[in-house]
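Next up: just one chain, as structure tokens, the form predicted on its own.
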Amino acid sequence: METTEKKCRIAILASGAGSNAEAIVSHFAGNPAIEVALMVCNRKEAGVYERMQKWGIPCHTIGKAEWQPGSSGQQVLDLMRSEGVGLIVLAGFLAYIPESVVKTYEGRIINIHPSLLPKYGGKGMWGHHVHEAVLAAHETISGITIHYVTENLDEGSIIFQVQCEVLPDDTPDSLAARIHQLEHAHYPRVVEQMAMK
């Protein structure tokens, strides 16, 4: 018999390989209170589709025109409303979020960033670009930041941060591997906390 309690339905927005998206889906598999309802991607060739299909997560492609400054965001909002989405989770999503979506989901849309914001955030700071900048600056620590999404890129209030050591012989790839471990360990847990609010 199905529970009558209202589930929190999550939408994941992703642009790349989808390892964080899969970590989140795996975390909530079988959870009666929280469900990943759908994944939205802006790139047809992204690896995230294969990962989501493996878990039976409905996938939607919304092209780049909808993710431009000045876009109404109506296609995104219509999809979220039709699916009863209560929380939007960005997991490696590399596109602008329309202002209407940010405002409609204020306090219910979050992102993860592979540095200790406010350092190494903003335009052009994603993936290996972040790790290259951290190493070029001879930082001794890096980490991840989970934050609310606002109209300003990577400037929303911080929800959670955790750091790791930058080793003397690190390369962008070796640092990225440790950052990914932090992401996979902590992001699903923070998403769960947000979903239960």
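For every residue, the number given is its place in the sequence shown, counted from 1. Please read all numbers here as calculations on a predicted model, not as lab measurements.
From this point on, the text means the form predicted together with glycinamide ribonucleotide (GAR), which you will not see here.
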{"query": "Contact of Ile112 with glycinamide ribonucleotide (GAR) in the predicted complex (heavy atom, 4.5 Å)", "finding": "yes"}
{"query": "Contact label in the predicted complex: Ser19 to glycinamide ribonucleotide (GAR), heavy atom within 4.5 Å", "finding": "yes"}
{"query": "Tyr105: touches glycinamide ribonucleotide (GAR) in the predicted complex, heavy atom cutoff 4.5 angstroms", "finding": "no"}
{"query": "Glycinamide ribonucleotide (GAR) contact in the predicted complex: His180, any heavy atom under 4.5 Å", "finding": "yes"}
{"query": "Interface residues of 123-147 toward glycinamide ribonucleotide (GAR), as seen in the predicted complex [heavy atoms, 4.5 Å]", "finding": "Met125, Trp126, Gly127"}
